[in-house]
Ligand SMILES: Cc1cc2nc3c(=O)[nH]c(=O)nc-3n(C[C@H](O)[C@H](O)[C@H](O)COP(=O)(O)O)c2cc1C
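As structure tokens, one chain now follows by itself in the form predicted alone.
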């Protein structure tokens, strides 16, 4: 059966080319702030050296906790860390584990921590089977953050290390419910870069006739 590709979507995306380098709050390509935020959001990997304002972080958390989830189980656990002692401490363990590679990483200009040097990190955990729900929660938080001028980047690499026995003291400090395990982390902070949009393959979505 033939399918119809998303030609209207391609035209719609083209509308945003002229504003691909603008922040969400500056974008005015269409008169819809939600669409503007989604199309303008970028993954940020360079941050200013100041944590996210906690009043703003509270709003971001509320947006995450209002994400759709199966049967309203709300089977997620979210922990925010903006304590440099925590972030620097677990980073030190990580660098030791990495050996010579860790030495090279720590010598990079601007190196602060293993979370893309973010001053605020959100840890997201779920029980087995809750991965879909926390995925929805995370996207809500990242979009809300962007709309408020706060950059973010979803991270999986650091979580692999945090499952190592060496990181156990820090994971314990997160006080996760029994049966929950970390799924990902979100680096958050005020952006210190303005990356351009990466191309999207519009053939990945189409109408089925």
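Positions refer to the first chain, counted from 1. Just so it is clear, the structure is predicted and the values come from calculations on it, not from any experiment.
FYI, the form predicted together with this ligand isn't displayed, but the following is about it.
This chain lacks the partner; the member of 69, 48, 56, 43 within 4.5 angstroms of this ligand in the predicted bound form by a non-hydrogen atom is 43.
Between 173-181, 147-155, 160-168, 59-67, the stretch whose residues reach within 4.5 angstroms of this ligand in the predicted bound form through a non-hydrogen atom is 147-155. Residue 116 is the only member of 92-122 with a non-hydrogen atom no more than 4.5 angstroms from this ligand in the predicted bound form.
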